[in-house]
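The chain below stands alone and is given as structure tokens, in the form predicted alone.
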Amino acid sequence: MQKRILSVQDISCFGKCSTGVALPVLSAAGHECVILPTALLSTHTGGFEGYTFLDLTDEMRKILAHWQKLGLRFDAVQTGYFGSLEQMAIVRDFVAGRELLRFVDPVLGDHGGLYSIYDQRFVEAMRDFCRGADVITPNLTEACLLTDTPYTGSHVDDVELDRLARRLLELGVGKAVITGIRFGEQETGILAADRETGLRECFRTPYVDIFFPGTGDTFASALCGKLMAGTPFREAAQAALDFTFRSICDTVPTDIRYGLCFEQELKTLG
């Protein structure tokens, strides 16, 4: 039976990221994707100047109130960008007591730094929001922020990676995938950790020296789609990484601001 997944993140009208990625990727994986937008932007913020921004906090409340009247049920919720602590609280209250899986992409920062719109209060709130999640997908910077670990660069040894994974799982999450890890000069990849089975495994792809906005969104949505389709965690992590890597290869060379050309890879998700 088709699964219904609620995706909570912004809509960037141009530049493939957030909802613009989640909707096609989750649909291609065979699921119904319902969106709850946190903000509406003319473009994403990665390299574009003069973009418009509309906060949708009040509209989120109205949408959820309508859904409650309709008695809509969801099999899972996938969260990404939150524009405020208030939005996070709205979603937390909505999912409380509901039997659904929680996928959290804890958007906080990248390349060792916190995004300028956030502060330490937001980090602490996101840490609390992650507690009890079934799956979280922080990049290396976000994993460090969530665990109060100093960021020392994208090259991390096995001991430190294991420590990061353990601390993430200690937040009470079921599974954690750390993205954006460098393995030497030629490889990049992820670390997947499972609290129940004890799995700690790294998955690697060749390193491509270019950064595309929305890459993390692509991976998180592919992983969510695979897991909700019943793919075992280890295989789902590998498949999501491979999908993201193929999308990167399909995109080079192009204007990096436009995001990944993942469309021709969608057929591989079904």
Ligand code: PXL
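All values reported here derive from a predicted model rather than from experimental measurement. Counting begins at 1, following the sequence as shown.
There is another form of the same protein, the form predicted in complex with the named molecule; it is not shown, and what comes next is about it.
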Taking Pro106, Thr137 and Phe219 as the candidate spot, are all three within 4.5 angstroms of the named molecule in the predicted complex by heavy atoms? no
Quick one: which of 56-64, 26-34, 238-246, 211-219 gets within 4.5 Å of the named molecule in the predicted complex, going by heavy atoms? 211-219
None of Phe94, Phe122, Phe129, Tyr81 but one has a heavy atom within 4.5 Å of the named molecule in the predicted complex; the exception is Tyr81
The one residue among Phe183, Tyr115, Tyr151, Phe74 placing a heavy atom within 4.5 Å of the named molecule in the predicted complex is Tyr115
Determine whether any heavy atom of Lys226 comes within 4.5 Å of a heavy atom of the named molecule in the predicted complex, and answer yes or no. no
Does Cys17 make contact with the named molecule in the predicted complex, using a 4.5 Å heavy atom cut-off? yes
Are any of the heavy atoms in Thr45 no more than 4.5 Å from a heavy atom of the named molecule in the predicted complex? yes
